[in-house]
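In the form predicted alone, a lone chain appears below as structure tokens.
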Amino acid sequence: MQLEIIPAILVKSREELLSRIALIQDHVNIIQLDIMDGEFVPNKTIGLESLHDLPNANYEFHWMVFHPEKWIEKTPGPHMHLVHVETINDFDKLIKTVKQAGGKLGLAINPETPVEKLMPYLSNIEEVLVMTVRPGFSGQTYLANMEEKIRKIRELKPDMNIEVDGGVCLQTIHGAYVAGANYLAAASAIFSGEVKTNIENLKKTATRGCQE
């Protein structure tokens, strides 16, 4: 599976959003935009009004929101839409909305949610995102016990892209990669310092392990 380091952008203004995209768009293949409604998670970020006319890039939208269909239908384009399995009410409607928007569907799963919750949907999605923190805020501690969840999903779907998000840094990225995650999202570990160097170091550490 292709290894990707994915910058996760969690901001509260369009100015911050554009600034972060400019920092990393030449160094990665995928950019994750974290969108929170202040209801599904206890934080609120940029809304739909900030997502128009974005710079040309390959985006995945991590929808930490209730009623994700209402957001996706207003975000047309060939994007990956990562919807929390905990928010699904009508899966057929969700698939239809994503298709009409021209995008692709993936599912995200919170730490407290068992893998079994994903089972009915795995054959109809293209990606799984395993949260290794409780969603809502950057800078949290990586939950290493979520690696067992990653391993289970990899056994079920050997060819699916599995992303891990939350607390990913030089000390934790190798464990996530070895467990089976090939998409590795990071925020603080990328944007704290020189982003190109940070991305390169994360990629090397994922495959080789931490250097003593």
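Residue positions are given as counts along the sequence shown, with the first one as 1. Everything quoted here is computed from the prediction, not taken from an experiment.
Below: the form predicted in complex with a small molecule, not depicted.
So which of 65-73, 147-155, 182-190, 52-60 is the stretch with heavy atoms within 4.5 Å of the small molecule in the predicted complex? Heavy-atom contact with the partner occurs in 182-190.
In the predicted complex, the residue from Ala101, Ile95, Val133, Val85 that sits within 4.5 Å of the small molecule by heavy atoms: Filtering the options by heavy-atom distance leaves Val133.
Considering non-hydrogen atoms and a 4.5 Å limit, which listed residue (Pro120, Pro114, Gly139, Pro78) is close to the small molecule in the predicted complex? Looking at Pro120, Pro114, Gly139, Pro78 one by one, just Gly139 meets the 4.5 Å heavy-atom criterion.
Exercise: Ala8 in contact with the small molecule in the predicted complex, heavy atom 4.5 Å: Taking the distances in the predicted complex, the answer for Ala8 is yes, it comes within 4.5 Å of the small molecule.
Taking the small molecule as it sits in the predicted complex, is Ile162 in contact with it (heavy atom to heavy atom, 4.5 Å or less)? Because no heavy atom of Ile162 falls inside 4.5 Å of the small molecule in the predicted complex, the answer is no.
At the 4.5 Å heavy atom threshold, is Ile31 in contact with the small molecule in the predicted complex? Heavy-atom contact with the small molecule at 4.5 Å: absent for Ile31.
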